[in-house]
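Next up: just one chain, as structure tokens, the form predicted on its own.
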Amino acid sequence: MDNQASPGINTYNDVRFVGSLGTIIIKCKDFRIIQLDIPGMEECLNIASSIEALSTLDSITLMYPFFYRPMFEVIEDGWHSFLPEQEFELYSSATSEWRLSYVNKEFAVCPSYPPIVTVPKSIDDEALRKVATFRHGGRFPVLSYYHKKNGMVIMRSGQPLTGTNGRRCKEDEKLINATLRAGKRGYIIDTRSLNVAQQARAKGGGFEQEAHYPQWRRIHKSIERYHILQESLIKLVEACNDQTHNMDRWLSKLEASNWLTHIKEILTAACLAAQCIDREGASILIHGTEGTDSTLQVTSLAQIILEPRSRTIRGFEALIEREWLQAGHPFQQRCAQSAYCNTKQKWEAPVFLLFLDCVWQILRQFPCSFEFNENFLIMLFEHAYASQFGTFLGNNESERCKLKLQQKTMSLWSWVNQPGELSKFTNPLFEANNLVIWPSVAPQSLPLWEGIFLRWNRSSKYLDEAYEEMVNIIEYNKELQAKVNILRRQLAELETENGMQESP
């Protein structure tokens, strides 16, 4: 299984018998449905019970990554490919206003943050501890992205715990004001509706009061969460699997799933964040409630729009490490069962899949600006839900440390970054584009991602053949271009020789 993710079994939901021939239907996390026909009733029931037991393991340490042994030579240790210190060095040469803080070294200040975070240099660790008590889950504002072009930044955090009494924290106010230039205003993008944010105050949460944050303008960009997203995925996959629909019924079911509406909401918020940074020249703070879901969708997509490095293979891997894994997106909870599930999982939600879908939408609109192709995004979706690698196990860095994943499992990046594998994920149309790219979020511009949702329902033979032909044409074009360059050089040399012979 070195060349692909394990499909990940949710459950066998059906065992049938015709005479002594048994049939088991297996529904997988990558939306595949597999039918096994097994002669012999007893053997069929034994296999069915084994599949069910293995698909409902009690402990993470019993999962496949702890038993997997790679069949390839490990050239790069992916666990050390994207360390916070290395990422910090990329922009520390452009600014001296930020520092690495080890305040969360033992995960004592914030259990869902990594041990090392980037914060304003003017804020000491004691102040960070106080701010952590004022933010949901201890998630105090940290640097997400530094825009080298104008020095503006994206920060992210959990919601402030203002409550109904309007509690304030002067250290918090000082921290986020430290990111502003003199006379400049900043924007707080709240990924909840104003109504939801106001309701949060009754539970001890809330939002930044204008009286205490006068230099900041708050904007609410509502992005759905949890069970609403999960129900949307279930409806969409159900509609895609039903081949009997006429056109009206298909379009009606697609619309009823609301999947593309969620895509539009997320992309719209990301474009707003990018506009604040690049066009308004203003720094921003992004949060919802916890700051582990919609917040990360917006911060990472804004970077795809703004930062050419994020559109390269290694840059995108670094983005996933920094903005999803180290930032504490709870993969173990969110990616537990996928679209086929007999029981409702309270914390299940396709947050990461929605992010990948949004990236695919931008890739589709700017096909030459990304070093990676669609297969790279599909591979990441598969491994987030079921993998032989330990990268997406656990809900945060603290849990991964306790599980000793670096010592006991292999990193996904160790496999992906082998030259032989990278070639499968490289976009042949890629031409480095150092500009900001602005995707369209008009409904007509956002189609269904067939490569994920329809790939098991239709043959990809002709698409694969067309892709291979495109690669061949591009390679042939490169060869012709190289010949043209040689001929031009030879012509220039001949002209130079003739000029010398003609001169007295």
Partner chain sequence: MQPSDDVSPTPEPQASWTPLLRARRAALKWAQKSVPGVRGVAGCGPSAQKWPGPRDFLACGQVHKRRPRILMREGGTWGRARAAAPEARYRAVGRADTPRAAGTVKWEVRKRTGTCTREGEMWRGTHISRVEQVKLLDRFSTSNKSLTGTLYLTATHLLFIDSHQKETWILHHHIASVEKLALTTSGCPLVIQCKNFRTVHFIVPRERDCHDIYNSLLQLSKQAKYEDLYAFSYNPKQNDSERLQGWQLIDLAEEYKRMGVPNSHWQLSDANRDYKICETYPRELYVPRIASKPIIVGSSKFRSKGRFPVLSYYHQDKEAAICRCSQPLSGFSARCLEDEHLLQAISKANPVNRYMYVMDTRPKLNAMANRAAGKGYENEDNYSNIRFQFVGIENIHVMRSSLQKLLEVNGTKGLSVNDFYSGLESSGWLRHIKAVMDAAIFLAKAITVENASVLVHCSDGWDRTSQVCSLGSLLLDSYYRTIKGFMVLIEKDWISFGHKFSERCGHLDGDPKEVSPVFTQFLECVWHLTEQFPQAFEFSEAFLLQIHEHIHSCQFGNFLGNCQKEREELKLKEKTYSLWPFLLEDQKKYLNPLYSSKSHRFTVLEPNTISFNFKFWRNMYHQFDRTLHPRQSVFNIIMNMNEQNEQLEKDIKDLESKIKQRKNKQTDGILTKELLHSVHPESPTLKTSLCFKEQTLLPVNDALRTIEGSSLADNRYSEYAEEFSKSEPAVVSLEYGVARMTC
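Positions refer to the first chain, counted from 1. Take the two forms, find the largest set of C-alpha atoms that superpose within 1.5 Å, and that set is the rigid core. As the structure is a prediction and not an experimental result, all values here were calculated from the model.
Keep in mind the form predicted together with its partner chain is missing from the figure; the text below concerns it.
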Mind telling me which stretch in 38 to 46, 64 to 72, 461 to 469, 25 to 33 gets its heavy atoms within 4.5 Å of its partner chain in the predicted complex?
461 to 469
Among 176, 358, 276, 304, just one has a heavy atom within 4.5 Å of its partner chain in the predicted complex, namely 276
Heavy atom within 4.5 Å of its partner chain in the predicted complex, from candidates 90, 219, 83, 401, belongs to 219
May I ask you to state whether residue 59 is within 4.5 Å of its partner chain in the predicted complex, using heavy atom distances?
no
So in the predicted complex, does residue 484 come within 4.5 Å of its partner chain, heavy atom to heavy atom?
yes
Does any heavy atom of residue 54 come within 4.5 Å of a heavy atom of its partner chain in the predicted complex?
no
Wondering, does residue 417 line up within 4.5 Å of its partner chain in the predicted complex on heavy atoms?
no
Restricting to 15 to 46, the residues within 4.5 Å of its partner chain in the predicted complex through any heavy atom are none
Is_shifted residue 25 between the shown form and the other one (CA, 2 Å cut-off, rigid core):
no
Shift of residue 479 between the shown form and the other one at or above 2 Å (CA, core fit):
yes
